[in-house]
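Just the one chain here, laid out as structure tokens, in the form predicted on its own.
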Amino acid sequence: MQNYEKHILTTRQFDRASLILLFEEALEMERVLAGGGNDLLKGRILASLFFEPSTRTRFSFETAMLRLGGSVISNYSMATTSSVQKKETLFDTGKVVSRFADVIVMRHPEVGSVAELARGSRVPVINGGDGPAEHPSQALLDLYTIWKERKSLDGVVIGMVGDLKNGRVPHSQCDLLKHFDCSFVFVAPEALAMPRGIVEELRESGHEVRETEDFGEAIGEMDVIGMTRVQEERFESKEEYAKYAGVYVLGKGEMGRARTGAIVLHPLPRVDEISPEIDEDPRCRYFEQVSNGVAIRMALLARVLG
């Protein structure tokens, strides 16, 4: 991401140097958090527009803004309680809300929707997830968690397990990780495999990629065990979803085969793919990721607001 563009809409805005710089800035924000926050963004307003359910992303951005001394206006049910019910376009929504706020974070179930709102906005817009396409800030906090643990993203074997077809987080992770010398193990049923375009791009850029349906056989290779839920909301029917629900579950047996230095990530919420029995395993980082997300989003807000 050369000099940070006005909006943060896609992981393709970032390169290796800008990622490392962002991680270093997030470390500074952790120190700010430890001190209770500051007034860096005092007088600035964040508009939080969510057309899809969210816990972590919405609260994380709002907490980040508040910890930096800013204010928040928020609608967690834009699809049913905003003027889109009166046929207002996303372009016009961007035109309007950018008159109220200094920065907008948005989530929407349709690919390209956040970019459309940003087209009408005169203030920075941050993508909080657009359908099955991308979730830049989640991928950034995931990489930050690995980077903090290992001091580098080079030489790491990244495992991704579950619904790799519909999961916007694995897609965004891959786009960021391609800037580092790491290798990949993708574990998914054939029908939920990582999209071919992503796999081919990684291989063409010199990364080793192995694909398998056998989680038990592959887990011992992974430095990072990235779990993801089967995305029920992306299936056409409950019957189709039921074919794959619970296909991979990470429990004590699986952790017994994992590397002693491996870490477990999950963007949350979990359904049944991680057993609560392993929550106290020191290798599990999925709740730590939540805290890291606040620091990353503080850094992003500080950046786009200059």
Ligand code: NCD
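All residue numbers refer to positions in the sequence shown, first residue = 1. Because the structure is predicted, anything quoted here is derived from the model rather than measured.
The form predicted together with the named molecule is left out here; the points below concern that form.
Would you kindly say which of 276, 246, 269, 36 lies with a heavy atom within 4.5 Å of the named molecule in the model of the complex? Contact with the named molecule in the model of the complex is made by 269 alone.
Please pick out the stretch from 253-261, 23-31, 37-45, 55-63 that is in contact with the named molecule in the model of the complex, where contact means heavy atoms within 4.5 Å. Selected range: 55-63.
Taking a heavy atom within 4.5 Å as contact, would all three of 7, 98 and 118 count as contacting the named molecule in the model of the complex? Judged in the model of the complex, none of 7, 98 and 118 sits within 4.5 Å of the named molecule.
Should residue 107 be classed as touching the named molecule in the model of the complex when contacts are defined as heavy atoms within 4.5 Å? It does: once the named molecule is placed as it appears in the model of the complex, residue 107 has a heavy atom within 4.5 Å of it.
Would residue 168 count as a contact of the named molecule in the model of the complex, using a 4.5 angstroms cut-off between non-hydrogen atoms? Yes.
Quick check on residue 93: any heavy atom within 4.5 Å of the named molecule in the model of the complex? Flag for residue 93 set to no.
Would residue 138 show up as a contact with the named molecule in the model of the complex if we use heavy atoms at 4.5 Å? Heavy-atom contact with the named molecule at 4.5 Å: present for residue 138.
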